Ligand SMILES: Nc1ncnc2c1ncn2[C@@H]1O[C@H](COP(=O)(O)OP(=O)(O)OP(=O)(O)O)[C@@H](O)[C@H]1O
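Read the single chain below, which is given as C-alpha cells and is the form predicted alone.
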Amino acid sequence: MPTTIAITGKGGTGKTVVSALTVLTLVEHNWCPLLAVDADPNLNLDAALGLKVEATVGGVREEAGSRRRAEPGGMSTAEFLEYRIHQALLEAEGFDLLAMGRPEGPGCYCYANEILRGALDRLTAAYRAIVVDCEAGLEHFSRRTAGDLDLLLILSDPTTRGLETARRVLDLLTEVRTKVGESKVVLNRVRGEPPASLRERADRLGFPIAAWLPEDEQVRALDAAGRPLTELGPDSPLRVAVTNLYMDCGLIG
C-alpha cells in the first residue's frame, strides 16, 4: 500500500506550495513512483509543479452523469471511465499528477462515483507514495473523500485564528473517524521565531506546534513571476525546512 500524506488548513496558509515542495522533496529522495493529487477545485498544484492540467476527475464524472460522453466502440461505462482517468493523468519526472477538479453538480452521480472510487483505488495502488493537496476548509474530511492517511499536515499561519482552525480539523477527524497514522500542526510563513504566545496558545488547545516553516523570498519571487517551484534553488529556506520536516517524520534520511 502507498504511503499517503495530506496537507490541509484554512485558506491562505500556503498548502499548495508545501504540497508541491513535498512532492519534489520525496521524489528527490527516491519515493518513486509518486502520485500528486490536486484535491482543490482551484487547481493550483499543476502550475506550482510546472505542469498544465487539461482534464480532471470531476470532468470525467460530469461526462458520465450527463451522458454527453462519446464512448469508444465496445467499451462499457466502467471501462470508459477508467480509460478517461488514465487520460487525465499528467506524467512528469518521478511523479504523476491527478486533479480532482470541481465538486459534484446537480445531477445524479452515484453510479459514476462508485466506478470512480474503484478506478482510483486501482490507480493509486501502483504508487509508492501519494501526496494530496486538500482544498481550503474541512470538506474533504466531513465527506470522507480524503480517505485514510499515514500523515496529515495541518498548516496554520502564525495567528491564533489559524491555530483554532487546526484544532477544529483535529476534532473533525475524530468525528468522521478518518484513520490518520500521525497528524502534525505546522506553522507556515513564519518570520523569525514563532512567538511564545502562539506556542502557549497551541498548548492550551491541546496540541504542540510540530514544526514551523519560514517566509521565503525566493518563493515569493517565483510566485510573482508566475514561475514554478521546480526552479527553486536548493538553498531556499523553505525547501530546506520542508526537507527537515520529513526527516523528522522519518520519511527521508
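Predicted, not measured: the structure shown is a model, and the values here were computed from it. Throughout, we count residues from 1 along the sequence that is shown.
This protein has a second form, the form predicted in complex with the named molecule, left out of what is shown; the following refers to that one.
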Q. Heavy atom to heavy atom, is Thr13 within 4.5 Å of the named molecule in the model of the complex?
A. yes
Q: Although the named molecule is absent from this view, report whether Arg189 comes within 4.5 Å of it in the model of the complex, heavy atoms only.
A: yes
Q | is_contact(Val219, the named molecule) in the model of the complex, heavy atom dist at most 4.5 Å | A | yes
Q. Any chance Pro214 has a heavy atom within 4.5 Å of the named molecule in the model of the complex?
A. yes
Q) Has each of Ala6, Glu28 and Glu231 got a heavy atom lying within 4.5 angstroms of the named molecule in the model of the complex? A) no
Q) Pick from 192 to 200, 53 to 61, 28 to 36, 220 to 228: which stretch has a heavy atom within 4.5 Å of the named molecule in the model of the complex? A) 220 to 228
**Q.** Residues in 149 to 164 with any heavy atom within 4.5 Å of the named molecule in the model of the complex
**A.** none
